[in-house]
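Following this are structure 1 and structure 2, which are two forms of one protein chain, each written alone as structure tokens.
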Structure 1
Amino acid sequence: MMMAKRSNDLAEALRRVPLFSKVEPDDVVAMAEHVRELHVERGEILFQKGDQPHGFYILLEGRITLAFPSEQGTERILEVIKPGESFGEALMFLGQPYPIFSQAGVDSRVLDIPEEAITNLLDKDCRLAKRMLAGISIRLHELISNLEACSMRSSAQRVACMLQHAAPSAGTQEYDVQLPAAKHIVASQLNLTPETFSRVLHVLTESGLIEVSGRVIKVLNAEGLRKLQL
């Protein structure tokens, strides 16, 4: 009875993930029998650079960061995973070791999807394959855009670009931006030091373009941010 309840709970959790929302219920239940739910404490490493993928992951609660380690002991944040998002699937298909590591930013709940379970389902449901491919493509596009922004723009332009991308709709002049993680993590994503990020926020505040309250940034003049990037 306990095993059946556990499988049903995992199946219900999978159904709430957008990736599996249109998969046949019986197929979700069958996959849930092979899925593990992991409780990852803040600061805990989920996988290290060089580990061999055995599947992929879905974040249910919390926050997971994907980062490149460095010999200097610092890290370069590649991406911050939010609840409902999957990660690690591209490398699972390639069969290559992880070039990055993943770490819980806060206490988190993660679903560990083994490769065998997902490949069996992909053989039956081509719609799922298309959704996974679309998700990987979107992530690749975002990573390329972030790389371009970090390598071709000034510090102020990178921050302005980030704030502009968070606008709820085109043409909106005032809106709030909730940073997805602590400021030092966001700074790393922009390839900035925390000190430089704080300095840029101060300059933008003094210029009347934004207001900062903790992790909430209120954009006061979106057009002014756009002009910074010209």
Structure 2
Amino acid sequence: MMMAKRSNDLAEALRRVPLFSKVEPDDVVAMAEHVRELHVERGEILFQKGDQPHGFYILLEGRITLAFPSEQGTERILEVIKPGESFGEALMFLGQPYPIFSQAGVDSRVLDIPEEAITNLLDKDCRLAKRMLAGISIRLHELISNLEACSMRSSAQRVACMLQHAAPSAGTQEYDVQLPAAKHIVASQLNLTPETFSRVLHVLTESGLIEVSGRVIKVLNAEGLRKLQL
């Protein structure tokens, strides 16, 4: 994990992040003074469960997973962060130790925004506060959906649900889904073992609802998937 880049480049990068797109340019420059760019290598841990948050992060490039650890290494991946997304804001506001850990899936570039840089800005710019409220609300909504899936739905329903979310538009009956990562990663996000995920795909294929070839899943009958949800 190493530091890089001058302040000006950082200000430029920050401006491109949706969260800060409406912030006064001067304020962004001021904030950039406190921001560092980190390079995190594949497999490297950005923060551990139990670490104290000192700010939050924005992913510029690469892929970062947030996951619950487990003794036998059977981690459960909560979320896969993609470039342009921020993470860790809520834990920063709370000031409690991280309940999850974060790890780079591939070599990644991350902005580290210290708490001071943000709290100062929040006092000046209520729009930023509203944007952060919106951002955290989205997170919260996703967590609720995740929890519902986890506690109310069977494995096949969770997979079907994921495939439906990947539909290009509401009514489409046939479409291709390109899995965003290795199957075992996707399985973990659905709170499934790779074995169960594989078996579910098998069953859905047998039923003529999908066709699988590698990481591409061809949905043949979206309506049929919907019916699984009851």
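Residue positions are counted from 1 along structure 1's sequence. Because the structure is a prediction, the values reported are computed rather than measured. Between two forms, the rigid core is defined as the largest C-alpha subset superposing within 1.5 Å.
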Quiz item: If only one of the two is the form predicted on its own, which is it?
Solution: 1
Self-check item: Threshold 2 Å Cα movement between the two structures at residue 25, rigid core reference
Solution: no
Quiz item: Is residue 16 one of the residues whose Cα moves 2 Å or more between the two structures, with the core superposed?
Solution: no
Quiz prompt | Backbone CA shift between the two structures, residue 214, after core fitting (angstrom) | solution = 3.1
